[in-house]
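Presented below, as structure tokens, is a lone chain in the form predicted alone.
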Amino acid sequence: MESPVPHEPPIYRRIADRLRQAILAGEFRDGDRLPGENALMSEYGIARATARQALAVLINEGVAVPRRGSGVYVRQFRPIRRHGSRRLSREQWGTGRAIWDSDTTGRPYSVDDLTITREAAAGEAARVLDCDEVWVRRRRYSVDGRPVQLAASHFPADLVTGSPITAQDTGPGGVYARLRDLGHAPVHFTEEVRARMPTPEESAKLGLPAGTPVIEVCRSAFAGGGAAVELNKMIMDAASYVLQYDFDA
């Protein structure tokens, strides 16, 4: 009995593969414009719908991004490897290092859109922190000049009012070192992770191409005795991250 002939991928897939290989080979760099529908139609003798499908494959993979009225452009970005336990270790923030130094490993990063407000505790923050009012630190993180994460940290107001946690610059080691200074150093963290599609506001702030999902991480920090001292909600560009968790058997 003859072996079955391997099924050849559809033409739009083969074109997408060739474009991807060209990107990996350095023929197209980050921000370069890819051949448009007309160029692909001429080169491969295909219909416009097929050319559109080929470009859509790269857009859906996060390799390229469409710009209305301009074309499709390469979107190369080396993913951030986020090590769940290492970045939150006492050895990191307890010695005055930012937990983001663990994520970026020398790559330049920045924080903007920082707001610090005192608000009534609501929803999950009220439930987890068991308080009536919270201080909330909202900010956006960028790596290599690209927005990658939105974060909103909630702290019990009675615990942190008057401390550097309510100031723009929290000092070496960040908020966890300052919680330690207040006598409430975190000793345990819990993170819940889920994937979803972004809201319009999240898409705009992160500059996400259409169809790009986000990773939502909700982290609770607990001090000795089990009291919750922070609830942090993070929204990440899913195409910009690799989440790493190590476990002993």
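Numbers follow the displayed sequence, beginning with 1. From a predicted model like this one, the values you see are computed outputs, not experimental measurements.
Not pictured, yet referred to below: the form predicted together with the DNA.
Checking 190, 38, 199, 60 against the DNA in the model of the complex, a heavy atom within 4.5 Å turns up for just one residue: 38. Exactly one listed residue, out of 179, 72, 150, 80, brings a non-hydrogen atom to within 4.5 Å of the DNA in the model of the complex: 72. Heavy atoms within 4.5 Å of the DNA in the model of the complex are found in exactly one of 200-208, 182-190, 30-38, 220-228, that being 30-38. Residue contact with the DNA in the model of the complex: residue 212 places no heavy atom within 4.5 Å of it.
Looking at residue 68, you'd find a heavy atom of it within 4.5 angstroms of the DNA in the model of the complex. Remark: residue 49 counts among the residues lining the DNA in the model of the complex, judged by a heavy atom distance of 4.5 Å or less. Contact check for residue 11: a heavy atom falls within 4.5 Å of the DNA in the model of the complex.
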